[in-house]
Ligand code: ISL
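Read the single chain below, which is given as C-alpha coordinates and is the form predicted on its own.
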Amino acid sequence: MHKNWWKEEVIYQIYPRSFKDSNGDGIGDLQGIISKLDYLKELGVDIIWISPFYKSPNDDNGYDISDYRAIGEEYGSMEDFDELLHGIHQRGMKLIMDLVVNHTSDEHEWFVESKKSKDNPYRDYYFWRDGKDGKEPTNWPSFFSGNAWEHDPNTDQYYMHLFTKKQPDLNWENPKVREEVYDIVQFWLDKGIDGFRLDVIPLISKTFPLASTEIPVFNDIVENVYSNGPRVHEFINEMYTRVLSKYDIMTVGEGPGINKDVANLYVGKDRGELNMIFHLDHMFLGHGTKGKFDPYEYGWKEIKILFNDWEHSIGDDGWISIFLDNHDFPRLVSRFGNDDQYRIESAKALALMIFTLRGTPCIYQGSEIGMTNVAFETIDDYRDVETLNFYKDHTAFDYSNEKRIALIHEHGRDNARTTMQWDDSVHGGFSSQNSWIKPNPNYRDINVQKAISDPDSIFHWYKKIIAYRKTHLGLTYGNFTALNKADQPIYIYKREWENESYLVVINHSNEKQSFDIPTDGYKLELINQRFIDSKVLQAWEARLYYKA
(Lines give C-alpha, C1' and ligand atoms only; values in the text may rest on other atoms or scores of the structure.)
Protein backbone atom coordinates (compact mmCIF):
# COMPACT_ATOMS: atom_id res chain seq x y z
CA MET A 1 0.00 0.00 0.00
CA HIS A 2 1.57 3.27 -1.15
CA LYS A 3 1.50 6.07 1.43
CA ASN A 4 0.06 9.45 0.43
CA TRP A 5 -0.95 12.47 2.49
CA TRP A 6 -4.44 12.50 0.98
CA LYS A 7 -5.07 8.98 2.26
CA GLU A 8 -4.29 9.92 5.84
CA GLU A 9 -6.27 13.14 6.09
CA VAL A 10 -9.96 13.94 6.65
CA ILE A 11 -12.14 15.90 4.21
CA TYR A 12 -14.85 18.31 5.35
CA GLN A 13 -17.35 19.50 2.73
CA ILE A 14 -18.75 23.01 2.94
CA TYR A 15 -21.87 23.99 1.02
CA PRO A 16 -21.06 27.71 1.04
CA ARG A 17 -24.58 29.00 0.47
CA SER A 18 -25.68 27.36 3.74
CA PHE A 19 -22.57 27.45 5.94
CA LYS A 20 -22.28 30.94 7.45
CA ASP A 21 -23.53 34.37 6.35
CA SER A 22 -21.27 37.26 7.34
CA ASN A 23 -23.10 40.26 5.87
CA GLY A 24 -26.77 39.66 6.65
CA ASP A 25 -28.01 38.99 3.10
CA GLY A 26 -29.19 35.48 4.01
CA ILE A 27 -26.59 33.72 1.84
CA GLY A 28 -23.47 32.07 3.19
CA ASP A 29 -20.22 33.56 1.95
CA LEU A 30 -16.42 33.33 2.04
CA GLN A 31 -16.05 35.66 5.01
CA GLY A 32 -18.50 33.43 6.84
CA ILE A 33 -16.25 30.43 6.17
CA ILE A 34 -13.21 32.41 7.32
CA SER A 35 -14.96 33.15 10.62
CA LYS A 36 -15.37 29.41 11.28
CA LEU A 37 -11.90 28.14 10.35
CA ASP A 38 -10.92 27.79 14.00
CA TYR A 39 -14.01 25.62 14.54
CA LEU A 40 -12.92 23.31 11.70
CA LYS A 41 -9.39 23.21 13.07
CA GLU A 42 -10.74 22.24 16.51
CA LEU A 43 -12.77 19.44 14.95
CA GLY A 44 -9.54 18.11 13.48
CA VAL A 45 -10.27 18.04 9.75
CA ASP A 46 -7.45 18.57 7.26
CA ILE A 47 -8.93 19.13 3.80
CA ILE A 48 -11.76 21.58 3.20
CA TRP A 49 -13.78 20.92 0.05
CA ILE A 50 -16.01 23.84 -0.85
CA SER A 51 -18.86 23.44 -3.33
CA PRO A 52 -18.84 25.97 -6.22
CA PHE A 53 -18.62 29.65 -5.39
CA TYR A 54 -17.79 30.86 -8.88
CA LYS A 55 -19.90 33.43 -10.70
CA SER A 56 -23.21 31.74 -11.55
CA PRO A 57 -26.90 32.48 -12.12
CA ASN A 58 -27.50 29.72 -9.52
CA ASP A 59 -30.05 27.67 -11.41
CA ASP A 60 -28.38 24.70 -9.69
CA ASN A 61 -26.80 26.59 -6.79
CA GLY A 62 -23.45 27.21 -8.42
CA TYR A 63 -23.04 24.00 -10.38
CA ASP A 64 -23.93 26.12 -13.41
CA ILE A 65 -20.83 28.28 -13.83
CA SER A 66 -20.86 31.43 -15.94
CA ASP A 67 -17.28 32.53 -15.20
CA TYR A 68 -14.65 30.08 -13.92
CA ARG A 69 -12.18 32.82 -12.94
CA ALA A 70 -14.58 35.02 -10.95
CA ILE A 71 -16.10 34.72 -7.47
CA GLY A 72 -19.89 34.94 -7.30
CA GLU A 73 -20.85 38.35 -5.92
CA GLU A 74 -23.03 36.80 -3.24
CA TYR A 75 -19.95 34.94 -1.90
CA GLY A 76 -17.50 37.84 -1.91
CA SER A 77 -14.46 38.84 -3.93
CA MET A 78 -11.16 37.38 -5.10
CA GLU A 79 -9.57 39.24 -2.18
CA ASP A 80 -11.89 37.31 0.14
CA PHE A 81 -10.82 34.09 -1.56
CA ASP A 82 -7.14 34.92 -1.11
CA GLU A 83 -7.77 35.63 2.58
CA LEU A 84 -9.64 32.33 2.92
CA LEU A 85 -6.88 30.32 1.26
CA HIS A 86 -4.24 31.99 3.44
CA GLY A 87 -6.29 31.32 6.57
CA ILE A 88 -6.70 27.65 5.70
CA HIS A 89 -3.00 27.18 4.98
CA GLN A 90 -2.02 29.17 8.07
CA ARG A 91 -3.91 26.61 10.18
CA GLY A 92 -2.19 23.66 8.49
CA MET A 93 -5.25 22.69 6.46
CA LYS A 94 -5.78 22.37 2.71
CA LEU A 95 -8.41 23.61 0.24
CA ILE A 96 -9.89 21.70 -2.67
CA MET A 97 -12.34 23.36 -5.04
CA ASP A 98 -15.28 21.93 -6.93
CA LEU A 99 -14.54 21.86 -10.66
CA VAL A 100 -17.61 21.50 -12.88
CA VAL A 101 -16.45 20.88 -16.46
CA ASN A 102 -19.01 18.45 -17.88
CA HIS A 103 -21.21 21.49 -18.46
CA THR A 104 -21.34 25.26 -18.02
CA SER A 105 -24.12 27.74 -17.41
CA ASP A 106 -26.08 28.80 -20.48
CA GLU A 107 -24.99 32.31 -19.44
CA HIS A 108 -21.30 31.50 -19.90
CA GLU A 109 -19.79 33.53 -22.72
CA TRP A 110 -18.95 30.35 -24.65
CA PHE A 111 -22.61 29.30 -24.80
CA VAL A 112 -23.86 32.82 -25.44
CA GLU A 113 -21.66 32.81 -28.55
CA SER A 114 -22.50 29.22 -29.43
CA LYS A 115 -26.21 30.05 -29.65
CA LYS A 116 -25.78 32.87 -32.13
CA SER A 117 -25.42 30.82 -35.32
CA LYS A 118 -24.52 27.42 -36.67
CA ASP A 119 -21.20 28.71 -37.96
CA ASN A 120 -20.16 30.57 -34.81
CA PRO A 121 -16.59 29.62 -33.71
CA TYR A 122 -17.99 28.46 -30.36
CA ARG A 123 -20.77 26.34 -31.87
CA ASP A 124 -18.97 23.05 -31.35
CA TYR A 125 -18.03 23.86 -27.77
CA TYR A 126 -21.40 22.21 -27.07
CA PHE A 127 -23.59 19.50 -28.59
CA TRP A 128 -26.09 20.79 -31.16
CA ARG A 129 -28.31 18.47 -33.17
CA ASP A 130 -31.33 18.63 -35.45
CA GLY A 131 -34.59 17.25 -34.13
CA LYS A 132 -35.85 13.83 -35.15
CA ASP A 133 -39.41 13.43 -36.46
CA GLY A 134 -40.36 16.75 -34.93
CA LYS A 135 -39.03 15.75 -31.48
CA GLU A 136 -35.77 15.78 -29.55
CA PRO A 137 -32.71 14.12 -31.14
CA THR A 138 -32.80 11.28 -28.59
CA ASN A 139 -35.09 10.09 -25.79
CA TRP A 140 -32.47 10.64 -23.11
CA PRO A 141 -33.89 11.66 -19.72
CA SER A 142 -32.31 14.51 -17.77
CA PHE A 143 -31.10 13.97 -14.22
CA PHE A 144 -33.58 16.68 -13.25
CA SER A 145 -36.76 15.49 -15.02
CA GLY A 146 -37.78 15.91 -18.63
CA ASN A 147 -35.74 15.33 -21.77
CA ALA A 148 -32.01 16.07 -21.93
CA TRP A 149 -32.37 18.23 -25.07
CA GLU A 150 -33.65 21.80 -25.30
CA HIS A 151 -34.87 23.43 -28.50
CA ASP A 152 -33.37 26.76 -29.54
CA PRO A 153 -35.70 28.61 -31.96
CA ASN A 154 -32.91 30.90 -33.14
CA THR A 155 -31.17 28.13 -35.09
CA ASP A 156 -33.94 25.51 -34.95
CA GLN A 157 -31.63 22.99 -33.31
CA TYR A 158 -31.43 21.28 -29.92
CA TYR A 159 -28.58 21.41 -27.42
CA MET A 160 -27.77 18.66 -24.93
CA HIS A 161 -28.13 19.20 -21.16
CA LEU A 162 -27.91 16.10 -18.99
CA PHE A 163 -28.86 18.31 -16.03
CA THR A 164 -31.01 21.47 -16.14
CA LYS A 165 -31.67 23.27 -19.42
CA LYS A 166 -29.41 26.04 -18.10
CA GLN A 167 -26.49 23.57 -17.89
CA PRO A 168 -25.49 22.73 -21.48
CA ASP A 169 -22.94 19.91 -21.80
CA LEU A 170 -19.46 20.79 -23.03
CA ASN A 171 -18.09 18.96 -26.05
CA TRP A 172 -14.80 17.47 -24.86
CA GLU A 173 -14.23 16.04 -28.34
CA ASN A 174 -13.25 19.58 -29.30
CA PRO A 175 -9.56 20.10 -28.36
CA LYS A 176 -10.22 23.82 -27.89
CA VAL A 177 -12.64 22.97 -25.06
CA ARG A 178 -10.01 20.83 -23.38
CA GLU A 179 -7.44 23.60 -23.65
CA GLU A 180 -9.90 26.01 -22.03
CA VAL A 181 -10.44 23.56 -19.16
CA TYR A 182 -6.74 22.99 -18.59
CA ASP A 183 -6.14 26.74 -18.49
CA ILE A 184 -8.83 27.06 -15.80
CA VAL A 185 -7.28 24.23 -13.79
CA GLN A 186 -3.85 25.87 -13.95
CA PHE A 187 -5.29 29.26 -12.99
CA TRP A 188 -6.54 27.94 -9.65
CA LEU A 189 -3.55 25.70 -8.97
CA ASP A 190 -1.25 28.65 -9.52
CA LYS A 191 -3.24 30.53 -6.87
CA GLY A 192 -2.16 27.80 -4.46
CA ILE A 193 -5.18 25.54 -3.94
CA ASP A 194 -4.53 21.93 -3.01
CA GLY A 195 -6.70 20.07 -5.50
CA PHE A 196 -10.09 19.53 -7.02
CA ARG A 197 -13.27 17.58 -6.57
CA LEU A 198 -14.29 16.91 -10.19
CA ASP A 199 -18.06 16.99 -10.63
CA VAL A 200 -19.67 14.13 -12.64
CA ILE A 201 -16.30 13.50 -14.29
CA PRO A 202 -17.18 10.12 -15.92
CA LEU A 203 -19.78 11.92 -18.08
CA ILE A 204 -17.31 14.06 -20.08
CA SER A 205 -16.89 11.55 -22.93
CA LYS A 206 -20.01 10.85 -24.99
CA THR A 207 -20.62 7.71 -27.05
CA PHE A 208 -21.27 8.32 -30.74
CA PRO A 209 -23.52 8.27 -32.56
CA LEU A 210 -25.80 9.91 -30.01
CA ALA A 211 -28.76 7.54 -30.14
CA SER A 212 -31.94 6.82 -28.21
CA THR A 213 -31.86 4.08 -25.62
CA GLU A 214 -34.26 1.27 -24.74
CA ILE A 215 -32.86 0.92 -21.22
CA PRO A 216 -35.78 1.47 -18.81
CA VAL A 217 -33.93 2.07 -15.52
CA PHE A 218 -32.49 5.56 -15.10
CA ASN A 219 -29.40 4.55 -13.09
CA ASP A 220 -28.62 1.94 -15.75
CA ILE A 221 -28.84 4.67 -18.40
CA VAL A 222 -26.36 6.71 -16.38
CA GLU A 223 -23.93 3.79 -16.15
CA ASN A 224 -24.28 2.47 -19.71
CA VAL A 225 -25.08 5.55 -21.81
CA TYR A 226 -23.90 8.71 -20.03
CA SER A 227 -20.80 7.50 -18.15
CA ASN A 228 -17.54 5.75 -18.97
CA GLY A 229 -17.47 6.91 -22.59
CA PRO A 230 -14.81 5.69 -25.04
CA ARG A 231 -12.42 8.62 -24.52
CA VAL A 232 -12.98 9.38 -20.82
CA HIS A 233 -9.66 7.94 -19.67
CA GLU A 234 -7.81 9.60 -22.53
CA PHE A 235 -9.29 12.96 -21.51
CA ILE A 236 -8.55 12.59 -17.79
CA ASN A 237 -5.02 11.32 -18.45
CA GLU A 238 -4.43 14.26 -20.77
CA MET A 239 -5.55 16.67 -18.04
CA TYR A 240 -3.31 14.86 -15.56
CA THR A 241 -0.29 14.93 -17.87
CA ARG A 242 -0.74 18.50 -19.00
CA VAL A 243 -1.52 20.11 -15.64
CA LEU A 244 -2.42 18.04 -12.58
CA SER A 245 0.81 16.02 -12.42
CA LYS A 246 2.88 19.18 -12.09
CA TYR A 247 1.52 20.00 -8.61
CA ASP A 248 1.44 18.18 -5.25
CA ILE A 249 -2.33 18.07 -5.04
CA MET A 250 -5.21 15.64 -4.62
CA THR A 251 -8.04 14.94 -7.04
CA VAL A 252 -11.28 13.19 -6.23
CA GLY A 253 -13.84 12.44 -8.91
CA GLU A 254 -17.56 12.24 -8.33
CA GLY A 255 -18.46 8.87 -9.78
CA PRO A 256 -22.02 8.50 -11.11
CA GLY A 257 -21.95 5.43 -13.32
CA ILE A 258 -18.58 4.21 -12.04
CA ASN A 259 -19.10 0.70 -10.71
CA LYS A 260 -16.60 -1.38 -8.76
CA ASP A 261 -15.47 -3.27 -11.87
CA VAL A 262 -14.18 -0.16 -13.68
CA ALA A 263 -13.20 2.00 -10.68
CA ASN A 264 -9.47 1.29 -10.81
CA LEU A 265 -9.38 2.45 -14.42
CA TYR A 266 -9.92 5.90 -12.88
CA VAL A 267 -7.87 5.59 -9.68
CA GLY A 268 -5.30 2.83 -10.20
CA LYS A 269 -1.97 4.06 -8.86
CA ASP A 270 -0.22 3.84 -12.25
CA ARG A 271 -3.10 5.12 -14.39
CA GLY A 272 -2.18 8.80 -14.30
CA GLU A 273 -5.78 9.91 -13.76
CA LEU A 274 -7.40 10.57 -10.35
CA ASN A 275 -6.32 9.96 -6.76
CA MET A 276 -9.70 8.72 -5.57
CA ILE A 277 -13.40 8.70 -6.35
CA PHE A 278 -16.65 9.28 -4.51
CA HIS A 279 -18.45 6.18 -5.75
CA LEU A 280 -22.22 6.45 -5.49
CA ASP A 281 -23.42 2.84 -5.43
CA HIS A 282 -24.51 3.01 -1.81
CA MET A 283 -26.03 6.46 -2.35
CA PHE A 284 -28.13 5.18 -5.26
CA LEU A 285 -29.53 2.29 -3.19
CA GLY A 286 -33.31 2.52 -3.15
CA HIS A 287 -33.47 4.42 -6.46
CA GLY A 288 -36.06 2.75 -8.65
CA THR A 289 -36.69 2.73 -12.39
CA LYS A 290 -37.20 6.50 -12.54
CA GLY A 291 -34.60 7.42 -9.95
CA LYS A 292 -34.72 8.56 -6.32
CA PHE A 293 -38.40 9.58 -6.39
CA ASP A 294 -39.38 6.08 -7.49
CA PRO A 295 -37.95 4.26 -4.46
CA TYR A 296 -37.71 0.62 -3.48
CA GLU A 297 -36.94 -0.91 -0.10
CA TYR A 298 -33.38 -1.85 0.90
CA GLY A 299 -31.55 -2.43 4.15
CA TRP A 300 -28.22 -2.79 5.86
CA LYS A 301 -27.60 -6.14 4.19
CA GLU A 302 -27.31 -4.40 0.83
CA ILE A 303 -25.22 -1.57 2.30
CA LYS A 304 -22.67 -3.95 3.82
CA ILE A 305 -22.44 -6.07 0.68
CA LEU A 306 -21.66 -2.93 -1.30
CA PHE A 307 -18.92 -1.77 1.05
CA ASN A 308 -17.40 -5.26 1.20
CA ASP A 309 -17.49 -5.69 -2.58
CA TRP A 310 -15.94 -2.29 -3.22
CA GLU A 311 -13.17 -3.00 -0.73
CA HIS A 312 -12.37 -6.24 -2.54
CA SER A 313 -12.47 -4.64 -6.00
CA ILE A 314 -10.34 -1.58 -5.16
CA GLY A 315 -7.72 -3.62 -3.31
CA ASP A 316 -4.26 -2.11 -2.91
CA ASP A 317 -4.21 -0.54 -6.38
CA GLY A 318 -6.88 2.14 -6.06
CA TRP A 319 -8.48 4.40 -3.48
CA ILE A 320 -11.93 5.76 -2.61
CA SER A 321 -13.45 8.24 -0.21
CA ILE A 322 -15.76 6.96 2.51
CA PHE A 323 -18.89 9.08 3.05
CA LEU A 324 -22.58 8.66 3.81
CA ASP A 325 -24.01 12.04 2.82
CA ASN A 326 -23.25 15.20 0.89
CA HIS A 327 -25.09 18.12 -0.74
CA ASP A 328 -26.96 15.80 -3.15
CA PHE A 329 -28.38 13.27 -0.68
CA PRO A 330 -30.37 13.13 2.57
CA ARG A 331 -28.70 13.53 5.94
CA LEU A 332 -26.81 10.40 6.98
CA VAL A 333 -28.45 9.99 10.39
CA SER A 334 -31.91 10.25 8.79
CA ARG A 335 -31.17 7.90 5.93
CA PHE A 336 -28.88 5.27 7.44
CA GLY A 337 -29.47 5.74 11.16
CA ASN A 338 -32.38 6.57 13.44
CA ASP A 339 -32.90 10.33 13.69
CA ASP A 340 -35.57 10.01 16.38
CA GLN A 341 -35.07 7.70 19.36
CA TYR A 342 -31.40 6.92 18.65
CA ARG A 343 -30.19 10.04 16.85
CA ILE A 344 -27.07 10.50 18.97
CA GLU A 345 -26.22 6.80 19.20
CA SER A 346 -26.71 6.08 15.50
CA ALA A 347 -24.88 9.22 14.40
CA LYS A 348 -21.90 8.11 16.47
CA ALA A 349 -22.09 4.53 15.17
CA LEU A 350 -22.15 5.70 11.56
CA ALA A 351 -19.20 8.00 12.23
CA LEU A 352 -17.17 5.10 13.56
CA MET A 353 -17.83 3.23 10.33
CA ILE A 354 -16.83 6.21 8.16
CA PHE A 355 -13.50 6.57 9.98
CA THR A 356 -12.57 2.88 10.14
CA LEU A 357 -13.36 1.60 6.65
CA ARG A 358 -10.48 1.83 4.16
CA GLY A 359 -10.59 5.12 2.30
CA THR A 360 -10.33 8.85 2.95
CA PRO A 361 -13.19 9.93 5.25
CA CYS A 362 -15.39 12.80 4.13
CA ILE A 363 -17.69 14.70 6.50
CA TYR A 364 -20.53 16.85 5.21
CA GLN A 365 -21.19 20.06 7.15
CA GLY A 366 -23.50 19.46 10.10
CA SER A 367 -23.03 15.70 10.27
CA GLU A 368 -20.60 16.27 13.14
CA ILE A 369 -23.52 17.57 15.26
CA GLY A 370 -26.11 15.11 13.95
CA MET A 371 -28.16 17.42 11.74
CA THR A 372 -31.25 15.71 10.33
CA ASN A 373 -33.57 15.81 7.34
CA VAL A 374 -36.17 18.57 7.22
CA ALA A 375 -39.89 18.22 6.51
CA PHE A 376 -41.22 21.50 5.16
CA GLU A 377 -45.01 21.40 4.90
CA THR A 378 -45.33 23.19 1.58
CA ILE A 379 -43.44 23.08 -1.71
CA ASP A 380 -43.05 26.86 -1.46
CA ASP A 381 -40.34 26.36 1.17
CA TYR A 382 -38.15 24.23 -1.12
CA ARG A 383 -35.41 25.69 -3.33
CA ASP A 384 -33.69 22.78 -5.09
CA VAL A 385 -34.26 22.66 -8.85
CA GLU A 386 -34.39 18.85 -8.89
CA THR A 387 -37.05 18.84 -6.18
CA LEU A 388 -39.14 21.55 -7.82
CA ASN A 389 -38.96 19.85 -11.22
CA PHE A 390 -40.07 16.56 -9.69
CA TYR A 391 -43.01 18.22 -7.96
CA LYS A 392 -44.19 19.66 -11.30
CA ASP A 393 -43.51 16.51 -13.34
CA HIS A 394 -46.91 14.87 -13.80
CA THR A 395 -45.79 13.01 -16.93
CA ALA A 396 -43.20 10.67 -15.45
CA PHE A 397 -44.66 10.53 -11.92
CA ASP A 398 -48.40 9.95 -11.50
CA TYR A 399 -48.47 10.80 -7.79
CA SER A 400 -50.74 12.88 -5.60
CA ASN A 401 -49.26 16.11 -4.26
CA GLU A 402 -49.30 14.59 -0.78
CA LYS A 403 -47.17 11.66 -1.95
CA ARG A 404 -44.80 14.03 -3.76
CA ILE A 405 -44.22 16.01 -0.57
CA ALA A 406 -43.70 12.81 1.42
CA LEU A 407 -41.07 11.62 -1.09
CA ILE A 408 -39.37 15.02 -1.02
CA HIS A 409 -39.23 14.82 2.79
CA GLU A 410 -37.35 11.54 2.49
CA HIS A 411 -35.21 11.97 -0.62
CA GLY A 412 -34.98 15.67 -1.56
CA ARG A 413 -31.60 17.42 -1.79
CA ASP A 414 -32.74 20.33 0.39
CA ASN A 415 -32.53 17.92 3.34
CA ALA A 416 -28.79 18.55 3.26
CA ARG A 417 -28.99 22.20 2.25
CA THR A 418 -30.76 23.80 5.19
CA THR A 419 -28.50 26.28 6.92
CA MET A 420 -25.79 25.24 9.36
CA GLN A 421 -27.09 25.25 12.93
CA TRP A 422 -24.57 27.23 14.96
CA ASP A 423 -26.65 28.13 18.02
CA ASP A 424 -30.24 28.48 19.26
CA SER A 425 -30.63 32.17 18.37
CA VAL A 426 -32.96 33.39 15.64
CA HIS A 427 -31.97 31.82 12.28
CA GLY A 428 -29.75 29.35 14.12
CA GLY A 429 -26.79 31.69 14.18
CA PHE A 430 -26.40 31.34 10.42
CA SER A 431 -27.48 34.89 9.56
CA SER A 432 -28.91 38.03 11.12
CA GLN A 433 -31.70 37.95 8.52
CA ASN A 434 -34.01 35.42 6.92
CA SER A 435 -31.87 32.99 4.96
CA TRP A 436 -32.20 31.86 1.33
CA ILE A 437 -33.82 28.68 2.67
CA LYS A 438 -35.59 28.19 5.98
CA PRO A 439 -33.56 26.56 8.76
CA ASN A 440 -34.54 23.18 10.09
CA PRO A 441 -36.85 23.98 13.06
CA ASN A 442 -34.85 21.63 15.29
CA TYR A 443 -31.87 24.04 15.36
CA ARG A 444 -32.85 25.07 18.89
CA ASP A 445 -32.03 21.56 20.10
CA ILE A 446 -29.35 20.57 17.57
CA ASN A 447 -26.60 23.15 17.19
CA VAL A 448 -22.85 23.62 17.41
CA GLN A 449 -22.91 25.72 20.59
CA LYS A 450 -24.81 23.03 22.46
CA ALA A 451 -22.67 20.24 21.02
CA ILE A 452 -19.37 21.85 22.01
CA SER A 453 -20.56 22.39 25.59
CA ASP A 454 -21.51 18.71 26.00
CA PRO A 455 -18.49 16.39 26.35
CA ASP A 456 -20.64 13.40 25.30
CA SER A 457 -21.95 15.06 22.13
CA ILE A 458 -21.64 13.82 18.56
CA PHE A 459 -19.16 16.65 17.92
CA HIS A 460 -16.76 15.46 20.59
CA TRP A 461 -17.14 11.86 19.37
CA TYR A 462 -16.09 12.98 15.87
CA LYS A 463 -13.19 14.92 17.34
CA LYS A 464 -12.07 11.89 19.34
CA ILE A 465 -12.25 9.48 16.39
CA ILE A 466 -10.43 11.87 14.05
CA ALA A 467 -7.61 12.29 16.56
CA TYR A 468 -7.43 8.51 17.08
CA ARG A 469 -7.31 7.79 13.35
CA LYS A 470 -4.42 10.21 12.83
CA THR A 471 -2.27 8.42 15.41
CA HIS A 472 -3.14 4.91 14.21
CA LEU A 473 -2.10 4.50 10.58
CA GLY A 474 -3.48 0.97 10.51
CA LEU A 475 -6.94 2.51 10.13
CA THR A 476 -5.70 4.13 6.91
CA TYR A 477 -3.51 1.46 5.38
CA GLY A 478 -4.59 -1.76 7.05
CA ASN A 479 -6.13 -4.68 5.21
CA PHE A 480 -9.89 -5.13 5.54
CA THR A 481 -11.65 -8.37 6.45
CA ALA A 482 -15.40 -8.70 7.02
CA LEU A 483 -16.01 -11.14 9.88
CA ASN A 484 -19.74 -11.82 9.79
CA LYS A 485 -22.54 -12.39 7.31
CA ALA A 486 -24.14 -9.38 5.71
CA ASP A 487 -27.67 -10.42 6.68
CA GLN A 488 -26.88 -10.16 10.40
CA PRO A 489 -27.86 -6.93 12.24
CA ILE A 490 -24.24 -6.24 13.20
CA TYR A 491 -21.32 -5.10 11.06
CA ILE A 492 -18.06 -6.66 12.22
CA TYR A 493 -14.76 -6.22 10.44
CA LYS A 494 -11.05 -6.24 11.09
CA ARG A 495 -8.28 -3.89 9.92
CA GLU A 496 -4.72 -5.26 10.08
CA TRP A 497 -1.42 -3.48 9.34
CA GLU A 498 2.09 -4.54 10.34
CA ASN A 499 1.71 -5.62 13.99
CA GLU A 500 -1.54 -3.78 14.60
CA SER A 501 -5.05 -5.20 14.56
CA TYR A 502 -8.30 -3.28 14.90
CA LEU A 503 -11.71 -4.87 15.45
CA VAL A 504 -14.81 -2.80 14.66
CA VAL A 505 -18.24 -3.87 15.91
CA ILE A 506 -21.37 -1.87 15.04
CA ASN A 507 -24.96 -2.73 15.90
CA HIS A 508 -26.94 -1.02 13.14
CA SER A 509 -30.35 -1.90 14.55
CA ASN A 510 -32.82 -0.53 17.08
CA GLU A 511 -32.62 -3.72 19.16
CA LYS A 512 -30.07 -5.32 21.45
CA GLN A 513 -27.87 -7.89 19.71
CA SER A 514 -25.63 -10.68 20.97
CA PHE A 515 -21.96 -10.38 20.07
CA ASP A 516 -19.89 -13.56 20.00
CA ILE A 517 -16.72 -12.64 18.08
CA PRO A 518 -13.66 -13.38 20.29
CA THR A 519 -11.97 -10.24 21.62
CA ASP A 520 -9.22 -12.01 23.54
CA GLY A 521 -6.05 -9.95 23.55
CA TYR A 522 -7.86 -6.84 22.31
CA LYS A 523 -8.29 -3.65 24.30
CA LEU A 524 -11.53 -1.69 24.00
CA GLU A 525 -10.41 1.72 22.74
CA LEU A 526 -13.60 3.52 21.71
CA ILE A 527 -17.26 2.96 22.52
CA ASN A 528 -20.15 5.27 21.70
CA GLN A 529 -22.26 4.35 24.76
CA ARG A 530 -21.74 3.38 28.38
CA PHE A 531 -20.17 -0.10 28.47
CA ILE A 532 -22.68 -2.61 29.89
CA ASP A 533 -22.02 -6.14 28.60
CA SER A 534 -19.04 -7.57 26.70
CA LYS A 535 -21.26 -9.97 24.74
CA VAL A 536 -24.38 -7.85 24.22
CA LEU A 537 -24.61 -4.72 22.13
CA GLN A 538 -27.18 -2.07 22.94
CA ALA A 539 -29.19 -0.50 20.12
CA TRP A 540 -26.76 1.34 17.79
CA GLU A 541 -23.80 0.52 20.01
CA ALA A 542 -20.42 0.77 18.27
CA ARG A 543 -17.01 -0.33 19.53
CA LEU A 544 -13.41 -0.22 18.36
CA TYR A 545 -10.93 -2.74 19.77
CA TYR A 546 -7.15 -2.65 19.33
CA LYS A 547 -4.40 -5.25 19.64
CA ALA A 548 -0.67 -4.74 19.05
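Model, not experiment: these values are computed from the prediction. The first residue of the sequence shown is number 1, and the count goes up from there.
Beyond what is shown, the protein has a form predicted together with the ligand; the following relates to that form.
Proximity of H279 to the ligand in the predicted bound form: non-hydrogen atoms within 4.5 Å are absent; the residue sits far from the partner. Residue contact check for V100: one or more of its heavy atoms lie within 4.5 Å of the ligand in the predicted bound form. Proximity of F397 to the ligand in the predicted bound form falls outside the 4.5 Å heavy atom cutoff. Interface residue remark: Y491 is not counted as part of the site for the ligand in the predicted bound form, having no heavy atom within 4.5 Å.
Residues placing heavy atoms within 4.5 Å of the ligand in the predicted bound form fall in a single listed stretch, namely 163-171, out of 71-79, 357-365, 294-302, 163-171. The contact with the ligand in the predicted bound form, taken as any heavy atom within 4.5 Å, belongs to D199 out of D194, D199, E223, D414. Of the residues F376, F459, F336, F144, just one reaches the ligand in the predicted bound form with a heavy atom at 4.5 Å or closer; this is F144. In the predicted bound form, the residues of 45-69 lying within 4.5 Å of the ligand by at least one heavy atom are, in order, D60, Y63.
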